[in-house]
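Given next, in structure tokens, is a single chain: the form predicted on its own.
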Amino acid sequence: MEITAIALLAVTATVLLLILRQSRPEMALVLSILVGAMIFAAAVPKIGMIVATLSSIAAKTDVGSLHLGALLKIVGVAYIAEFGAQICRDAQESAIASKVELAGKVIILTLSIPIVLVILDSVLKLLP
């Protein structure tokens, strides 16, 4: 099970980080980023399967590829913003982390406007 290996890596890294932060905080930050990247890299291969499944569903439901692309971009922005914010928090930069999250939310809102417009247009067509 992949999550077991990921959790074991995370717990091991956490113990090492607790020890390392006391003597070499700069190295602890590097280790934290490295482990985070490794965990992210372990999850990336699953993205292809998710995209294929969503594409199949979109084809069956006659949802345009434009909307599927926007949805995937929104999810990608959310994950990247969260990842970036957590790295900033690990470096004790919570103010910057908050700005990364704010930027992610604004970008998500911008990307979602076409989908919201399509939904509103569909609702307006249903109303007499």
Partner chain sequence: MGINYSVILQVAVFGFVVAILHKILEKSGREEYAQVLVLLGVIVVMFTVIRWMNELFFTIRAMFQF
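For the two forms, the rigid core is made up of the largest set of C-alpha atoms that agree within 1.5 Å on superposition. Positions refer to the first chain, counted from 1. Just so we're clear, the structure is a prediction, and the values are computed from it rather than from any experiment.
From this point on, the text means the form predicted in complex with the partner chain, which you will not see here.
Visitor: Here the chain is shown alone; which of 11, 106, 19, 116 has a heavy atom within 4.5 Å of the partner chain in the predicted complex?
Guide: Checking each option against the partner chain in the predicted complex, the one that comes within 4.5 Å is 19.
Visitor: Pick from 96, 57, 38, 102: which has a non-hydrogen atom within 4.5 Å of the partner chain in the predicted complex?
Guide: By the 4.5 Å heavy-atom cutoff, the listed residue in contact is 38.
Visitor: Between the partner chain and 6, 77 and 80, in the predicted complex, does every residue show a non-hydrogen atom at 4.5 Å or closer?
Guide: Checked in the predicted complex: all three residues contact the partner chain.
Visitor: Is there a non-hydrogen atom of residue 91 within 4.5 angstroms of a non-hydrogen atom of the partner chain in the predicted complex?
Guide: Residue 91 lies outside the contact set for the partner chain.
Visitor: So in the predicted complex, is the partner chain close enough to residue 31 to count as touching (4.5 Å, heavy atoms)?
Guide: Within the cut-off, so yes.
Visitor: Is there a non-hydrogen atom of residue 66 within 4.5 angstroms of a non-hydrogen atom of the partner chain in the predicted complex?
Guide: No - in the predicted complex, heavy atoms of residue 66 and the partner chain never come within 4.5 Å of each other.
Visitor: Check whether residue 85 has any heavy atom within 4.5 Å of a heavy atom of the partner chain in the predicted complex, and answer yes or no.
Guide: Residue 85: no contact with the partner chain in the predicted complex.
Visitor: With the partner chain taken in the predicted complex, which residues across 23-52 come within 4.5 angstroms through any non-hydrogen atom?
Guide: Heavy-atom contacts within 4.5 Å come from 23, 24, 26, 27, 30, 31, 33, 34, 35, 37, 38, 40, 41, 42, 44, 45, 47, 48, 51.
Visitor: With the core lined up, does the C-alpha of residue 106 move 2 Å or more between this form and the one not shown?
Guide: No, its C-alpha moves less than 2 Å.
Visitor: Comparing between this form and the one not shown on the rigid core, is the C-alpha shift at residue 115 2 Å or larger?
Guide: Comparing forms between this form and the one not shown, the residue 115 CA shifts below 2 Å.
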